[in-house]
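Alright, here's a single protein chain in two forms, structure 1 and structure 2, each given by itself as structure tokens.
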Structure 1
Amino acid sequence: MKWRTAISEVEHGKESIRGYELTSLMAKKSFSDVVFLVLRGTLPSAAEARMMDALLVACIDHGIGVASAVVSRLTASTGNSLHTALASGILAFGKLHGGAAQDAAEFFSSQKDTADIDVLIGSLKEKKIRVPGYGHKVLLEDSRVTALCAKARELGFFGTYCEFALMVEKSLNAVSSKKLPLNIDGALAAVLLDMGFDPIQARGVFLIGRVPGLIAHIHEEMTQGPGLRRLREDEYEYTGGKNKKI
């Protein structure tokens, strides 16, 4: 069975991306334009292009403390090359860190037409199912979310998914004891759905946006880091037994 793709081809040394000559894209289009093209198959409108820029910039980095940054830098510290350290950092984007954009998009997609949001949220709370895209381990309010929603309104992408996301936020906070604001994963998901992306692509946009930040961290570690890292003795505790006989 042949492999099939509609993404790109190379013929006699001439590359096409989604049917467009690569050299012509290089001459006339921005990177985020071509990111949109390669994911969606069409070039973005001016509004789509500006929204993509805001979405990708929103994801670019979020401090050295997050698992993906720490993992990338630890892997770099053991003497690995850039692509190896980058891959390890990307692996740290599990369901609880980065991955929630896809989960939130899947939740919004499947539930948007629900008749009564309060009943839905109540039933999820009862089953102790966490709604993805709300709450943050550290942040109580996320300025990125406010900025994304403002930009989406300005550019005409604050549609039914964004509306739904805010209604869920309201309903959630009516029944939750702790504050559960729409977080960056949820906002990203809602805006991207309103732009016509699907949930897997929502996760993809997050990853495209964050890769430059991880690369900056790895570069900093490689050029200014202290060499091989490991936990200090006072950072861990051994709770197993001792001196067992065989």
Structure 2
Amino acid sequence: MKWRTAISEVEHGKESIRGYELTSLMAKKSFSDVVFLVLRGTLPSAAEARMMDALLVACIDHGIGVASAVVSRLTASTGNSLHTALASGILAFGKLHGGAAQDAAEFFSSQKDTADIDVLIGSLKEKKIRVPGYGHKVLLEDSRVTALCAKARELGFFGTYCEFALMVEKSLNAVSSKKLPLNIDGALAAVLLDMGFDPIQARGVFLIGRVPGLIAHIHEEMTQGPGLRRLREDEYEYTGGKNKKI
């Protein structure tokens, strides 16, 4: 059985992406234009191109303290290659870091027609089900979200899903004991859904945007780091038993 693809073709010394000659794309289009093309199958409009740029920039890095950066740098410090350290950082993404964009997109897609959001959120709280795309370890309000929503309004992509995401935020914070802001995963998911992307692609866009940041962290660790990293004795506490007899 033949494998089938509509993404790219290499034939007679020429390569095409979604039917467009690669060298022509190199000459006339930006990287984010071609990211949009390869994911969606069509070149972006001017507004889509500007929104895609903003989405990728919003994801590029979020400090040295996040799990993916920590894991990437730890792996680099042990003498591994750049691509090994990068892979380890990507594997650190999960439901609570980086991976929530897809979960949030799936939640928004399945619940956007909910008649009473307050009842929905109350039911989820009662069942102790976490709503993906909300909350932040450090920030009470995520400036990236504010900027993305403003850009989406400006470019005409602040639609049903963005409105729903903000209504969920309001409802969550009415019943939560701590501030739960719409975070970058949730905002990314809402904007991408309003642009016509699907939930799986939402996670993919986040990963595409974050890879340059991880590479920068890995390079910094390799060239300026202290060498092999490990926890100091005062950074952890042993809680097991002592002096056990065999």
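Treat the numbers as computed from the prediction; the structure is a model and nothing was measured. Residue positions are counted from 1 along structure 1's sequence. Think of the rigid core as the biggest set of C-alphas that the two forms share within 1.5 Å after superposition.
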Looking at both, which one would you say is the form predicted in complex with another copy of the chain?
1
If I superpose the two forms on their rigid core, does the C-alpha of E11 end up displaced by 2 Å or more between the two structures?
no
Could you tell me the distance the CA of E235 travels between the two structures after a rigid core superposition, in angstrom?
2.4
